[in-house]
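One chain comes next, on its own, written as structure tokens: the form predicted alone.
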Amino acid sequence: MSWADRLLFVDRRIIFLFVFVGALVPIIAPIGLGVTVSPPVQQVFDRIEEMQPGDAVMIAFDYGPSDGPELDPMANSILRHCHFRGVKVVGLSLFPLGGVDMAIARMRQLADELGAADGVGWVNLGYKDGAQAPMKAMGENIASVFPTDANGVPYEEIAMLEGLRNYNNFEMAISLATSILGEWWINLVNAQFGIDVAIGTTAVSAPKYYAYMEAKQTLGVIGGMKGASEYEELVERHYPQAKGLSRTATMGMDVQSIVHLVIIFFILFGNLMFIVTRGKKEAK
């Protein structure tokens, strides 16, 4: 067997080892590949950047643990951005499969990282079943849908929520969604109540939301891990206090990029060895 034949039939475990090393290196020693910010993500960032201290944003955690790797990093970055701007965050979930747990985890991380206090910089209202029904009811009175927060404290007794009666008192709503809930926020909340809606979603779901953006029914879209890494870049670029905080989406994109390069290399290498061996066989 010639050297080309041996390379063509290289043990697949060697390829697996290269992929493993390619994934491991950026985790141990972050590379920090360049991030180019796309307009859909920039527009979400700019909208929050325009807000004044004391303004309020509603964030719907409409996803579960299976989509956390893509949506958790964008949730972290948005929460940090709002904290740095002094913008109040009202979190809630209409997703039955763990959405409220995602909200609790993200807000606890914000508290641990930056000392943001529950009931001061943010409030988590918890979970409500029904999806469209609560969305519509909140257009009249949020307290009728969430009479207490996730800790059982009555809505009317939370000082941060004073004056936040319905959508008219919020600058925008952000749906971090893995299901059709994101579309409902656009079709129902934006269309009927006129509040700006932004969408953060998984990479596989993002394309359908760009059509809504073109129709000006949503002001921006943060798509998948790439979109999350772009938002991380924007927050760190504008706020020095964000330096040193975790950038899991950026690290994830580094891993993905290196692994893709390894795979591309072996595809090209395999084809090259095939051409070499075929040429030798034809020559015989």
Partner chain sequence: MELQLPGFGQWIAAFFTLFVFSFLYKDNILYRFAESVFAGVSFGYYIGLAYINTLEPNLFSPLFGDFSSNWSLLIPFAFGVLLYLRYVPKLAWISQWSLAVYIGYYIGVNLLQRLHGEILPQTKGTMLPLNVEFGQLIGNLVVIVGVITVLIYFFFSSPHRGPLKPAARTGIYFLMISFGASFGYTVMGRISLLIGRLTFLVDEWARPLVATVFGG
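Heads up, when I say rigid core I mean the largest set of C-alphas that superpose within 1.5 Å between the two forms. Just so it is clear, the model here is predicted, and its values are computed rather than measured. Positions refer to the first chain, counted from 1.
From this point on, the text means the form predicted in complex with its partner chain, which you will not see here.
Next on the checklist: Can you tell me which of 92-100, 168-176, 77-85, 155-163 lies within 4.5 Å of its partner chain in the predicted bound form, counting heavy atoms only?
Outcome noted: Heavy-atom contact with the partner occurs in 92-100.
Item to check | Contact label in the predicted bound form: I48 to its partner chain, heavy atom within 4.5 Å | outcome: No - in the predicted bound form, heavy atoms of I48 and its partner chain never come within 4.5 Å of each other.
Checklist entry - Quick one: is G126 in contact with its partner chain in the predicted bound form, heavy atoms, 4.5 Å cut-off? => result Because a heavy atom of G126 falls inside 4.5 Å of its partner chain in the predicted bound form, the answer is yes.
Checklist entry - Taking heavy atoms and a 4.5 Å cut-off, does E70 contact its partner chain in the predicted bound form? => result Although its partner chain is absent here, E70 would touch it in the predicted bound form, with heavy atoms inside 4.5 Å.
Checklist entry - So, in the predicted bound form, is L114 in contact with its partner chain at a 4.5 angstroms heavy atom limit? => result L114 lies outside the contact set for its partner chain.
Next on the checklist: Within 4.5 Å, heavy atoms only, which of V259, L219, A56, L245 is in contact with its partner chain in the predicted bound form?
Outcome noted: Selected option: V259.
Item to check | Heavy atom contacts to its partner chain in the predicted bound form at 4.5 Å, residues of 25-52 in sequence order | outcome: Heavy-atom contacts within 4.5 Å come from I27, I28.
Next on the checklist: Once the core is aligned, does P26 move its Cα by at least 2 Å between the shown form and the other one?
Outcome noted: After core superposition, the C-alpha of P26 moves 2 Å or more between the shown form and the other one.
Checklist entry - Would the C-alpha of I258 be classed as shifted by 2 Å or more between the shown form and the other one after rigid-core alignment? => result The answer is yes; the displacement is at least 2 Å.
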